[in-house]
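A lone chain, given as C-alpha cells: the form predicted on its own.
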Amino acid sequence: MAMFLQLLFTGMGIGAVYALVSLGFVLLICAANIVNFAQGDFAMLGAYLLVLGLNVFSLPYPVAIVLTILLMAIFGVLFAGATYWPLRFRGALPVIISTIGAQIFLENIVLYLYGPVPQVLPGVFNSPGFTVGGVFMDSQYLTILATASLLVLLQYLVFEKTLLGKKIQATNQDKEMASLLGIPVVFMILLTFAYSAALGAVAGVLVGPILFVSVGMGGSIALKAFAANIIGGYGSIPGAIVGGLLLGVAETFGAAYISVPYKDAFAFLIVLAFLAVRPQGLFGEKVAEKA
C-alpha cells in the first residue's frame, strides 16, 4: 500500500505539470481557436531563463522566478505577433504550422546557446520533504501540486465568474460580433498568449528541479499535455486537469510495474483507447454535422 500511495503521489505531481501545460493549450483554443504546438517550449524556455537568472546573474530564487514569468509573458505577446497575427485571416492550419516552425526554431536557438548538456536546477525549498505513513512527500512535488491547484482555481474563476473570462470566450465564438459589442478583441488575444506563456513558464520552473533542464523537455511535455487535452475533452478546462493527472499517474504506474523504457507509450495507448471508444473525451460533447 505504501508503494501504491508513493507512486500515486509521484504520478499526480508529474500529471499536474501536464495539466498546467494543457491549460495553456485550452486558453488559446478558447481565445483564438488554435493549437500552439510550441506550448511545451514555453516551459523549456522558462526553465532555461531560471537557470540563467540563478547561475549567471546570481539572483535570489524568488526574484528569478518572478522575472522568468514576467519575461515569458512578454515573450508570449511577441510570439503571437510572429506566429498568429500575420496568419489570423488564413484559417487555423497555417497558424498551427507556424507554431510548429517556431518550436523547431526555439529549440535550435537554445541548443546553439546552451549546447546539448542538460542543466540542473535546485528545488524551491532546501528541505527535501518528509515521510507520512511510509510515503515520502517530496517538497518539490508538494509545491507542484499546490501551485497547480491555485492556478487551476484561478483560471476557473476567471473564465466562469468574471467579465474578462466572458470576453475571452466571446472572442473565440465570434470575433467580429465581439468587436461590434465593444470587446477589445486584439487585447483579449494578446492577453491570452501572454498568460499562456506565463503558465508554461510556471510549469518549466516547477518541473525543472525534477527533470534535467534540456532542449527536448518542451516537446515531450507538449505531447503529453496535448494528449491530456484529447483525453479530457478538446478545449475543456476540467478535462485538461483530469487528463493531465490521469496521464501522469498512468505513466508512473506503467513505469513501475511494466516497463520504464516504454513509459511514454502508455500515455498514447490511453489516447488511442479514448479516440476509439469516446473521441469527445471525458468532458467533451458530441458535435453532429449535417451531411
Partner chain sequence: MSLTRRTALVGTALAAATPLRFARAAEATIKIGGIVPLTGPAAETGKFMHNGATMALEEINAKGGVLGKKLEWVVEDDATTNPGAVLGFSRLVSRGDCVAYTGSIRSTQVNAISPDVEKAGKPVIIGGTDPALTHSGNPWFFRTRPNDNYSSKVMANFGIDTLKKKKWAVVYATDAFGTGGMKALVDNLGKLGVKPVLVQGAADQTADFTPVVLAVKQANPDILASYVTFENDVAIFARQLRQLGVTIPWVGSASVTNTATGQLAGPAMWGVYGVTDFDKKASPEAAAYYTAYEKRFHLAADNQSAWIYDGLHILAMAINEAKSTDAQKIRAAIMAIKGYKGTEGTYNFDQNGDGLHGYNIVQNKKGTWAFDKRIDFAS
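Residue numbers count along the first chain shown, from 1. In this text the structure is predicted, and so the values were computed from the model without any measurement.
One more form of this protein, predicted in complex with the partner chain, exists but is not displayed; see below.
- At the 4.5 Å heavy atom threshold, is A250 in contact with the partner chain in the model of the complex? Although the partner chain is absent here, A250 would stay clear of it in the model of the complex, with no heavy atoms inside 4.5 Å.
- Can you check whether Q173 is within 4.5 Å of the partner chain in the model of the complex, heavy atom basis? Close contact is absent here: in the model of the complex, Q173 is far from the partner chain, nothing within 4.5 Å, heavy atoms only.
- Message: Under a 4.5 Å heavy atom criterion, is F212 part of the interface with the partner chain in the model of the complex?
- Response: Yes, F212 sits close enough to the partner chain in the model of the complex that at least one of its heavy atoms falls within 4.5 Å.
- Message: So in the model of the complex, is the partner chain close enough to L157 to count as touching (4.5 Å, heavy atoms)?
- Response: Answer no; every heavy atom of L157 is more than 4.5 Å from the partner chain in the model of the complex.
- Item | in the model of the complex, segment of 116-124, 165-173, 149-157, 197-205 with a heavy atom within 4.5 Å of the partner chain | Looking at the other structure, the answer is 116-124.
- Query: Counting only heavy atoms and a 4.5 Å cut-off, does the partner chain in the model of the complex sit next to every one of L7, L111 and K263?
  - Reply: Each of the three qualifies.
- Within 4.5 Å of the partner chain in the model of the complex, heavy atoms considered, which of A256, L59, V66, L52? That would be A256.
- Message: With the partner chain taken in the model of the complex, which residues across 141-176 come within 4.5 angstroms through any non-hydrogen atom?
- Response: Read in sequence order, the lone residue that approaches the partner chain (within 4.5 Å, in the model of the complex) is Y141.
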